[in-house]
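Only one chain is shown below, in C-alpha cells, and it's the form predicted alone.
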Amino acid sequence: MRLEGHHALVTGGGTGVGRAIAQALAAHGARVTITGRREAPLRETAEGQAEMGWITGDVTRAGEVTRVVEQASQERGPVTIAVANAGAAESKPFAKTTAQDLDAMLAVNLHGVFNLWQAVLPGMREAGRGRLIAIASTAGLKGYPYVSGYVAAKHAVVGLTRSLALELAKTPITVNAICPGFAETPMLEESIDNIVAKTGRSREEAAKALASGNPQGRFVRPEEVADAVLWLAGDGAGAVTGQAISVSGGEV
C-alpha cells in the first residue's frame, strides 16, 4: 500500500505512538507534518525525512490548530489524513479529582481531536477525500479505576467518532478511532513511575501489573498502532467508518 499524493498531519507526532505513526506514513509515501508543543522532539523526528516537516502548536487551542493546518497546507498541500494522537493521562481517585482536573483531561484528549478535525474538514471536502483518525484508548471502550477524567474523555472521543462518521457517510471522508491498550510510550513510563511512587512496588512489579490486563501479557508496540493507521488511511478501508478498533491483545 502506498500513500503518494496524500498529506498527513499527526498531532503529538514527536514521541511515542505519534512518532511511529508519522514515520510509517512517510515510509509509505505520504507527505507528513507533525505537530506538538515541544520543538525538540518534533525536530528530531523530522530530521533527515525529506517529506516530513514540523510545526509547534497546542491542540487545546483552536486558533493554534487552525494556524498549524493553514501553514501545513501551504507547505505540503491540503491535509487528506488527519491523525489526532496528542493525549495525556492523570491518575487520581475520583473523590480527589477536581473540576479543573477533568477540564484538563477533556482539553487535550477530546478538544484536541475536535479542534483538529474541525480545522482540516473544509480542506478535505474541497479535495474530495479524507481520513479522520483518532488515537483513543481502550479507556474509550471500558472503565479503569483512578483515571475517571481520562476515561470520560476517551469515551467522548469514541462518541464523536461514531457521530461524525454518520454525518459524513455519504462523502469520501471516513472517521475512525483506534483504541490501543497500554503501549510502550513515555506516557506508560509515567504511569509506572506513578505506581512505584504511590505503592512502593518495584518498576518490574508495576510494569507487570499494567501488562496483566492484556491477555497476551505484554504492552502494545507503537508500530502496531501505526500499522492500524496505515490500513485506515489506505484505499482498501474506504468502507470502514465509525469504528473504534481495539489494538490491545484481546483486552476488549
Ligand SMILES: NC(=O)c1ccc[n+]([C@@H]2O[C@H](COP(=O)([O-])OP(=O)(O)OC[C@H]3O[C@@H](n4cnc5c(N)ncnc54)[C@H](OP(=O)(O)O)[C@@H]3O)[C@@H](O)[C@H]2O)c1
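For every residue, the number given is its place in the sequence shown, counted from 1. Quick caveat, the model's predicted, so the values are computed rather than measured.
Unshown form predicted together with this ligand; subsequent notes refer to it.
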**Report entry** in the predicted bound form, Asp58 touching this ligand (heavy atom, 4.5 Å)
**Finding:** yes
Report task. Answer with yes or no whether Thr15 is in contact with this ligand in the predicted bound form, where contact means some heavy atom within 4.5 Å. Result -> yes
Query raised in the report: Taking the shortest heavy atom distance, is Gly200 within 4.5 Å of this ligand in the predicted bound form?
Result: no
Query raised in the report: in the predicted bound form, does Gly181 have a heavy atom within 4.5 Å of this ligand?
Result: yes
Query raised in the report: Based on heavy atom distances of at most 4.5 Å to this ligand in the predicted bound form, which listed stretch, 166-174, 121-129, 136-144, 67-75, is the contact stretch?
Result: 136-144
Query raised in the report: Honest question, do His6, Thr33 and Ala226 all end up within 4.5 Å of this ligand in the predicted bound form by heavy atom distance?
Result: no
Requested in this report: Scan Pro186, Gly48, Gly63, Pro215 and let me know which has any heavy atom within 4.5 Å of this ligand in the predicted bound form.
Outcome: Pro186
Report summary line: Checked Leu116, Ala86, Val79, Ala153 for heavy atoms within 4.5 Å of this ligand in the predicted bound form; positive is Ala86
**Report entry** Heavy atom within 4.5 Å of this ligand in the predicted bound form - qualifying residues of 99-124
**Finding:** Val108, Asn109
